[in-house]
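A single chain comes next, written as structure tokens; it is the form predicted on its own.
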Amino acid sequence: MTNNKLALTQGNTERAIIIGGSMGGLLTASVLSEYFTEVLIIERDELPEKPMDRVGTPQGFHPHRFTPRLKIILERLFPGYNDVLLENGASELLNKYVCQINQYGKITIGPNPRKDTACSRALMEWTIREYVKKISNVRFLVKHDVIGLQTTADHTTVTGVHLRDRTLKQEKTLTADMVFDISGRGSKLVPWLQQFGYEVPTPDRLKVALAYSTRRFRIPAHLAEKWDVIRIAGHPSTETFTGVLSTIENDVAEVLLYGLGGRYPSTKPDEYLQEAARLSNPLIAEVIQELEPITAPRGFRVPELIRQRFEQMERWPAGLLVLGDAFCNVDPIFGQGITMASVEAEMLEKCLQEQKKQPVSNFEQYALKRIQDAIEPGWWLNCAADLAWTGVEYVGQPLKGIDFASKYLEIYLKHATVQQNLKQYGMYWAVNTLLFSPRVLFNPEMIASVMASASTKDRQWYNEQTQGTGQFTDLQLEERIPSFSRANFIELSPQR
């Protein structure tokens, strides 16, 4: 196509190429299979026949969790995936407990009434890939690197990709009606666009200098029946690590230590255990003593998080879209990464539905704006949480209300923990894992309720924020924080 209008009429012959076969690519392939005659996923690795970590997902060894929002989307796209995970050894979470510990106290949630599962990234990705392999018009091309984009002579339309076979070292070109870059943090899209004369905006950057170290342990039978997750939060005032113990498949537990602002947990076994013992609560260290180590600690470092602003470009080539970490990557501690990729795929699906009913020109630029709408809440929440730490710096376009959000969310967390309010605590995590809009927490009635039990110092801060009135109006909040009205959340009325 060369007319800058994506035609999705019945009986079309479009081919979509996806760069990257990780979770974001698999989710997107499922969506695209309903709109394109052929969907081709190009993957640099040889895909394993059984669940295992691979080079193309360097963060794959570390914990990945099924958030409520992710589960909803996966069940719609891949019905029965939870049962398949259980058949392949995933940990069943029925009747298990979650223990959340922060500087204000401890909240124990459970027993879990649902037949949920927990597993490694390897099993999660393998299971979803097996579903995608069964879609008749989706196929994989493995062990190939995408080395560039093919375009029309005037570079206004992407018409395919240039490839290099990783085994034979031969190069070739494949044509496509749409190319989707879902290749992750290592994406080459920015230099490719610049090569064709496009002006790419400077991305927003959250310089986090974060790192996490993970070690796996065998769980003895007497512990296997109790815990799903134990999370001990670090805090900026003490600059302590966060520690997380979680279960995966085949009676294995993952223990993660996490720090940011240049505070890096060790990957040496003895030092790792010492650091676990120095968490703000001894529970994880006590549980570790009863576990059998089966791996050494492995580290992963992220110097900065990046949010591209492709949607602000005046010129953008037809036939090209980008999703996932290639567009925006987030702090892994909230478990938002795959959830955000699934939300982006869902937003793309909505855009394709609209395009099929009523085609418009510049579909790609419209879709980029809508995908950015889906990205905004996760990025905003990441910044609100991480900027509280010494050594973390934000460089980019102004973030509306971020200082207010950071302070208020800390007060909210304290309120929910001290009051042992499981509903409000659950809402805090539902927002931070992108199930509900931040507006569920940021409405006048909720804020007033939280601040009523706050400390004198915090109430003084609140009084200053409301200019002495002691109550926000809806209009004042609209002026203070983003509306997130186009982010496609699960519907829920603000808590009154």
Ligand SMILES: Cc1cc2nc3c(=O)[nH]c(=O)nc-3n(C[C@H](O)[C@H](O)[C@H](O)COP(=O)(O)OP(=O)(O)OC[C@H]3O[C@@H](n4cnc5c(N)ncnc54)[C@H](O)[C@@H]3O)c2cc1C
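Nothing here was measured: the structure is a model prediction, and the numbers come from that model. Residue positions are given as counts along the sequence shown, with the first one as 1.
Note that the form predicted together with the named molecule isn't included here; everything after this is about it.
Asks: Within 4.5 Å of the named molecule in the model of the complex, counting heavy atoms only, one of 87 to 95, 73 to 81, 179 to 187, 263 to 271 shows up; tell me which.
Replies: Only one stretch qualifies here: 179 to 187.
Asks: Select from the listed residues 373, 354, 393, 145 the one whose heavy atoms reach within 4.5 Å of the named molecule in the model of the complex.
Replies: It is 145 that has a heavy atom within 4.5 Å of the partner.
Asks: By the heavy atom within 4.5 Å rule, which residue out of 338, 206, 368, 345 makes contact with the named molecule in the model of the complex?
Replies: Among 338, 206, 368, 345, a heavy atom within 4.5 Å of the named molecule in the model of the complex occurs only for 338.
Asks: Looking in the model of the complex, any heavy atom of residue 121 within 4.5 Å of the named molecule?
Replies: Result yes; residue 121 sits at the interface with the named molecule in the model of the complex.
Asks: Contact between residue 45 and the named molecule in the model of the complex at 4.5 Å, heavy atoms?
Replies: Contact with the named molecule, yes.
Asks: Should residue 412 be classed as touching the named molecule in the model of the complex when contacts are defined as heavy atoms within 4.5 Å?
Replies: It does not: once the named molecule is placed as it appears in the model of the complex, residue 412 has no heavy atom within 4.5 Å of it.
Asks: Considering non-hydrogen atoms and a 4.5 Å limit, does the named molecule approach residue 51 in the model of the complex?
Replies: Close contact is absent here: in the model of the complex, residue 51 is far from the named molecule, nothing within 4.5 Å, heavy atoms only.
Asks: Would the named molecule be touched by all three of 69, 381 and 438 in the model of the complex, meaning a heavy atom each within 4.5 Å?
Replies: No residue of the spot touches the named molecule in the model of the complex.
Asks: With the named molecule taken in the model of the complex, which residues across 47 to 74 come within 4.5 angstroms through any non-hydrogen atom?
Replies: Stretch hits, in order: 54, 56, 57, 59, 62, 63, 64, 65.
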